[in-house]
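Next comes just one chain, in structure tokens: the form predicted on its own.
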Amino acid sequence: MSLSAEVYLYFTENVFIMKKLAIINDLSGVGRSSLSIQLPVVSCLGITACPVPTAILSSHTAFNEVSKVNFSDHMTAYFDAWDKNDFRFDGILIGYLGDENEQKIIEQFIVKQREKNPDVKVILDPVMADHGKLYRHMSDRNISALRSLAKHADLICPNLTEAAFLADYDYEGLRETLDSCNHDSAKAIVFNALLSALHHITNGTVVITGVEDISENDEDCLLNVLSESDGDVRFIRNPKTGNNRPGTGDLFSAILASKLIKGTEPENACRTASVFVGRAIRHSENEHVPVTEGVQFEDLLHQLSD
């Protein structure tokens, strides 16, 4: 095996070791979301995927009946065993929390990992809300817990609702203001204020994901807003290819995190993730996949691999 820019392995003690990403998220039995999406995607991108379940659900919470078991009581022992084995990670991706008590346990894990590897990248997808409302089982305590975790993150990728909750913004007023903006210059002013508030919560890069938008050519699109520092606002647009579906945020964050720990710049990583998510949504529409079943991505993975 040759070492090249396309092979994301590093050499240590005469052994080739793939980079490792710890994925802290729930495991839902039915409905493509969370770990069930992220594990195959991360693996496809040439990263060793190491799951940490925060909760085990019978299905994602868009279904009517959901059985949920929190993993909180087991998480400390889980991380302690990892620590005693001296496991080291190149990245940590955090998604849905089983409850707010997991915040401090995860923060302790991050601190210990940074002692082992100061270059470890922490990516937070603050899964808690959409369309102006908190998800089932979420409360103000979850917002506070995710704000605390954001302080440790190198990148956070909330959707617009989650960004509003984190920044303590009125979502409805924010959405109304954005809808009244006819040009990108006006939208940039609105987003700059929101992003400035988020940069007071985290020192990392911010990507506000999947904002429903109309381009200046009057086409429906999804807008991702990237900001690496206060005052920096960049728009990444893609055509809207179908209905909003569960799991698209998990798909996006898995690609984004994998690309980042392989050295891709945030804007290029964001573009790659955006294009693939749009492609998966269109494919799901063409195959008549029910919306609650999420995005059918499995038979598209060959298009994602490097």
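None of the values given here were measured: they were computed from a predicted structure. When you see a residue number, it is the position in the sequence shown, counting from 1.
What comes next is about the form predicted together with a small molecule, which is not displayed.
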#### Entry: Proximity to the small molecule in the model of the complex, single hit among 127, 156, 160, 93 (heavy atom within 4.5 Å)
127
#### Entry: Sole residue of 52, 57, 47, 269 within 4.5 Å of the small molecule in the model of the complex, by heavy atom
57
### Query
Does residue 28 reach the small molecule in the model of the complex, with heavy atoms at most 4.5 Å apart?
yes
### Message
My question is simply whether residue 135 lines the interface with the small molecule in the model of the complex - judged by any non-hydrogen atom within 4.5 Å.
### Response
yes
### Query
Within a 4.5 Å heavy atom cut-off, is residue 238 in contact with the small molecule in the model of the complex?
no
### Message
Would you classify residue 264 as touching the small molecule in the model of the complex, given a 4.5 Å non-hydrogen atom cut-off?
### Response
no
### Query
Since the chain is shown here on its own, which stretch among 59 to 67, 39 to 47, 252 to 260, 273 to 281 would lie within 4.5 Å of the small molecule in the model of the complex, judged by heavy atoms?
59 to 67
